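In what follows, one protein chain appears twice in different forms, each by itself as structure tokens: structure 1 and structure 2.
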Structure 1
């Protein structure tokens, strides 16, 4: 036992003898054994506000509350039956009119349309005390079913719509939910702003005090030494509604099991692992970690996970095409990080210019089609609960899990939209500032269109076509995220196929639930374009973790699989990079990743200076150290910036010292760490 712990024990015993009546009345701080609550990690109100502002600008450009458009489709986990029908609902919230147009509904029965305002604190899964309004029946045409309803100018003054639902005729949403559309957190934030109470949401869950179940001794120790469980939010002591929402969202993301098998969002999206997970991280987890649920819960032993591929390659079993055939209808995918979910990362190409459709109306998941369904981040959360949280493969709520409330969904959205960068980079502006010649060459290759733009094909990386400024925005569709078939599935000798024969590891067809992709698998063969800024320390790469290193990922675009097979490679004229050019592009990706590590670590250490307890300071320091360690590892892996490596190492020590001290000494060590981080940054790029 450490000396500090012994001192605490002695002090606790002393106080127990002299202050017993007072201690029973002490506060309700959670015990150290509980997972830390929200507010200490990567969530940032500034990032959230930047994302919201981008959304608001586009929303108002498209008509604002006079033209709110929601995609409707099969909703994984909430629809009562599977359907390929899809369509759009358009609302004029000012005038109180609604129009609905749905394609693909069976013509041999009738269909009704309902709106639902979920009761605060109630499950999104529909309950009797939800406020439900029937809009009328769809008028069936040869292809499209339509409805137009005029509800009056006051219709939406008190009715805060959460869902719009198509049911079979004569059924209520409690009884039938064939197609569903849902509003987003940003819709509700906008409405609150219009009502003069920015961030005050009508759907917020009622806050009830939770019982203090700690034992006497633990309460005593917590009183003496406050733990990291105190809610300080992205800014200490959150007071605004949105700060509190981000704080609650982080707590839910890492702690809330939704009465399921023990998993949380953080089971696979580890905060100290760049909000993702890989085989190396999994190796260090204890055998009772919820990620291994299939190994110790008998009801999940078959068709829930492939423990071998999960342990060897960090692959997670998904059923994006439904749960009808668990033994044969599945894919194995890596875990994408959830950093920098900017609006241009989530916005799909309008008009199907990339061969996809709307819905989905947000780009989520490796296939770019969400859970799948209407594809929103909000729906993705529900789909993840249904996919990964159940106690049995029946996947029924209640019983196998519970559905989240509208308020919980708001909080989870708020947290995820508060993570990481606030904007994409400007590589052209950064190029002359990079101090390394190889990295500057990497920018040239990354931004070189070659023959497509009328120049030479040599040294043309053409990366910016899909990853404008190393983000997920497309050159041809600015501000939008496009799906492409890069033919990764066509690569020979896939690691997963070397472990399991292909017949036991089905091809992944990517986007969509119909058709067969060129390489097999349900879908059209296209996949979501990921951001690259955070790529170097979030490998392995591609949807199936098929390539381990960032250099290997860049070199993939030299391959026959990309350049010769039917797919995007042939469309852009092919890519042919020499080995030194591959290294240059990878060096650029390593450098921009490290700059983001430095920014994030510096932000975390700034918070150490205003931490209100030792536990908070230590948790912040642990996360900062994770970022610093990643930066060092990324630089070492590319043989880059040895001086920066040394400055990062010294900053690491200072961050730990800051958390180990208090008062002026804490601030002194934190400022030293921040100065060292800036020195490391300056070795990579000029101010």
Structure 2
């Protein structure tokens, strides 16, 4: 009876999707104050699809498959040798033409260009059975090396290009890979749609179930209908190609060691810790946890991690400027969560308006330049393996780790793009609905531009200039994620500096692998603007974990470090907030974080109802509990919404009861938990 009701609900969702295909397919990206809350109507697939639609709209506006542009550059871990040369490859996949233009290649050598279609299930490292096609030689003139190839109309119907490679003349990509460009997951999804197989990716690993033979439209509807999909945690009964891909990606993210030192992505990005980790979490780990690899693998004892800063402050050693000088050239960074990796969060400012360059093609990591190669989220995976997984500091594959297959990259990228919110909030629309006047004041301050927009600087937080709607997109470059030097590095008395002298904790220069930042360190001194909706429960804050509380992080904008920054603080006329105003902005950040915890917990509990095993129900309940605990902690920390705190606590008990019961009792407890969560939400914000 209950199962039947669920099926009906699912069917209703499907029908709604069919009745409104335009809404689903037209790629509208309007921001919403809250993702739809009807029934099962939110979750990973929606996040993924919303993300994908944003990408597709832009791609088609720029010419679609007649104008596919890939950046090419040196690719850490996959390139041979090192090169500063970079450029663009432009494809007309419809007519079968390719043009390549590269700057900075040495003039005294010849260069060839190749395309590679990786064999299914193979590492993206090059192997003999990969399908390789030589496009020709680059013509060198004074500055730019160019090539134009016409391969004919059918060139790309069977050939699914994964990589484009510049090699030394006469060498194959197996022997030499000087510069590399790669396709993205979204482009591969796009191609699958063009080929009438939406979401069925070429090169999926052979272990993947065969695509079924339902009609195209049915598959499309299934793929975009959000039934039983996940943001974090398992997806019960995954069936669509993308659900299967996300499920495989999740498995890989938390279990796959890539034959390295035992770490996985989940070693630092914990599923029950908001996909990040802090010192408190690290405290409770056993001494043989792979996060402590530097403490028990002799080859990693020096220059791999700083165990004291890891244990005290949750800091991880990174070599964003290369592995050339391990003893001197490193930075200590906090682990960012990997939630809400929306197009808004990843898209760089066009034309270097923020002093950065493209590539990197997507903004990842604290500097915005965390990914190797052309700098995409996809390539970040390879960068993370090379950085964090090696058995020795030679960092060579095979031996120290293995490279992922194309299918693994697809799955890991799909999983990461399915995490968390699917759209930015609309703070102005939410404001009148907040029940608490302090939080409403917080919105006013957050969205007040002061003298920059011709107003008074009193009560002007100016936060939205950089964190539009508490996301990562910029007010002046909407939909794009800008870098700034807010001079966090210039703060005196940072905790890590109190523990270690500068040679063990050098200055962090932020973006770029050249130049010296105004505060020292390699780079231009800018850092990438992070999303704020997920901030309150993922402290400590900033790239170096220098501030412990969310109030402290807001108060940073009152500091001399920010207001007298060599970078940006003074440019916007400074920020001066009174103590009450700091608390109001922090209360807003707490509230939106709790609303996101609530949404996520509710999504997880909906999935308990359709869990396919008791183990899965428990796993989902544990994750829901960690979201609910975060909500309570964030509210308690700000002295906010005591009634909602109590409802969250009751919902927690019901969620646990749902997992430990079965059948109708499970559904009953789950529904009770969901009702309580909605009440808690309703105490914070009117529907």
Ligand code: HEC
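In this text, all values refer to a predicted model and were calculated from it rather than measured experimentally. Numbering follows the first chain given and starts at 1. Basically, rigid core = biggest C-alpha set you can superpose within 1.5 Å across the two forms.
Give me a 1 or a 2 for the form predicted in complex with the ligand.
Answer to the question: structure 2 is the form predicted in complex with the ligand, whereas structure 1 comes from elsewhere.
If I superpose the two forms on their rigid core, does the C-alpha of residue 143 end up displaced by 2 Å or more between the two structures?
Where the cores coincide, residue 143 still shows a C-alpha shift between the two structures that is 2 Å or more.
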